[in-house]
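Below you will find one chain, with nothing else, as structure tokens; this is the form predicted alone, and questions on how it binds or moves follow later.
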């Protein structure tokens, strides 16, 4: 990707004013996207991103400089800027030998997306549109979005690391809009993979389209959700977004290392009900948030964050390891070369438990069943959150009854962990994009059906 001599010289230049550690990250990414609205192709975009970033450590201070000029002159210029930001009187430029590390490919690609012609990709978009429109005459608009990214990365550092990796991710969104009497509701399905085009061929695009349309039509005819404190059952898959947002970010060294987390200093302590085990696993084959290596070049891992209610681990990158005096555990991530890496989640989920799904509902009395979650907001320092529910149903006397719309879940992550009183046996995951200090990255969330004994539900009734 880049000549080894150029990389070595850039790293030495980065250390020339007394830095302790230097790292170079380079990437070459090909992107493609197609947008179809109402069955017509609205947009087709292809692009290429190419560049490199150089990071220098001086103690616990870091500086990051990036450039899209990856010639020797461009790399040395970026390295010089980084070096000047950490200049000191004590300078020792080490000899540098870069040793190539060979990776094991844990996320094989059988069909590279860039080898599939655009007309063939459009066939899948048309199939989704047709399925949504055929579901009901109340479906007044459809949108189908396809995207793929093929990325080659190089990571080298002053400790002699040289590692390269190829990454491919691909996703197909389907949005349905239902309208009647001046009211509109939307439904969405958007599976994604760290894999090739074979993953799109494996989808039942029509079934996904019908599901998006069903959500929209169901919520169009739903009454408004009542407000109050009540038990809530949250379905598997994308329901895991609540743990991701309300608890997961507070377990990243980005927050913990600065003292901005409700979980600071609680390793080894019980922070959740005994039923709760939570994991972040960047090794899951072809999963949306998986990688062979993180963006500091370390192998990804399966990190148990909470085990039977006990806090076992944080997500720790190199800088977080220095701040917390813990071992980095393969979770450094970034959007692209324009961002320095930091600790981030990959595939984060509440692990399957022992409770029966039917019993979870039948013993909850009156409450709310959340079939599909939406977006929300959270304060990582306090854990306070507010999440929209895309598809919800009232539970009356242990039975799922009528749909309701406009529901929100309001609470605090650290408190909700104690109130999870049932965890089902069957886990699914959902895909999303997670934004934080190092940009927007693909992240899987997941869980089985869980029940929270009591939570504040916002609604218009």
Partner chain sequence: MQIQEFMDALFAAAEKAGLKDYEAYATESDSFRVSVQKAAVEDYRVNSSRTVSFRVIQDGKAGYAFTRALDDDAIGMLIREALQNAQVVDSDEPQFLYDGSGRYEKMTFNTAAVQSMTAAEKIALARKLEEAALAHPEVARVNSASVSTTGGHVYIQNSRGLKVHYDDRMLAAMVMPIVPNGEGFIGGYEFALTRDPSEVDVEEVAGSAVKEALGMVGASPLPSGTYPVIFRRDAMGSLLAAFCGIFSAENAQKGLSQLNGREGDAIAATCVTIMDDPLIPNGFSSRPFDDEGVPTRTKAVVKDGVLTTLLHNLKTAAKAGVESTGNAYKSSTASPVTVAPINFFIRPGTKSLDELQEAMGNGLVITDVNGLHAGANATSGDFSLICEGYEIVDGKKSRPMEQMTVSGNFYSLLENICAVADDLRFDGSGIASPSVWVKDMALAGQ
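Positions refer to the first chain, counted from 1. None of the values given here were measured: they were computed from a predicted structure.
Just so it is clear, the following notes concern the form predicted in complex with its partner chain, a form of the same protein that is not shown.
Visitor: Please determine whether residue 382 contacts its partner chain in the predicted complex, using a 4.5 Å cut-off between heavy atoms.
Guide: Residue 382 belongs to the contact set for its partner chain.
Visitor: Wondering, does residue 186 line up within 4.5 Å of its partner chain in the predicted complex on heavy atoms?
Guide: Yes, contact at 4.5 Å.
Visitor: Within a 4.5 Å heavy atom cut-off, is residue 49 in contact with its partner chain in the predicted complex?
Guide: Heavy-atom contact with its partner chain at 4.5 Å: present for residue 49.
Visitor: Should residue 309 be classed as touching its partner chain in the predicted complex when contacts are defined as heavy atoms within 4.5 Å?
Guide: Close contact is absent here: in the predicted complex, residue 309 is far from its partner chain, nothing within 4.5 Å, heavy atoms only.
Visitor: Name the residue from 275, 214, 126, 167 that puts a heavy atom within 4.5 Å of its partner chain in the predicted complex.
Guide: Answer to the contact question: 126.
Visitor: 151, 106, 386, 136: which sits within 4.5 Å of its partner chain in the predicted complex by any heavy atom?
Guide: By the 4.5 Å criterion, the partner-contacting residue is 386.
Visitor: Can all three of 101, 210 and 358 be found with a heavy atom no more than 4.5 Å from its partner chain in the predicted complex?
Guide: Not a single residue of the candidate spot has a heavy atom within 4.5 Å of its partner chain in the predicted complex.
Visitor: Could you tell me which stretch in 350-358, 301-309, 194-202, 227-235 has residues with non-hydrogen atoms within 4.5 Å of its partner chain in the predicted complex?
Guide: Of the options given, it is 227-235.
Visitor: Hey, which residues along 121-151 are within 4.5 angstroms of its partner chain in the predicted complex, non-hydrogen atoms only?
Guide: Counting only heavy atoms within 4.5 Å of its partner chain in the predicted complex, the contacting residues of 121-151 are 122, 126, 141, 143.
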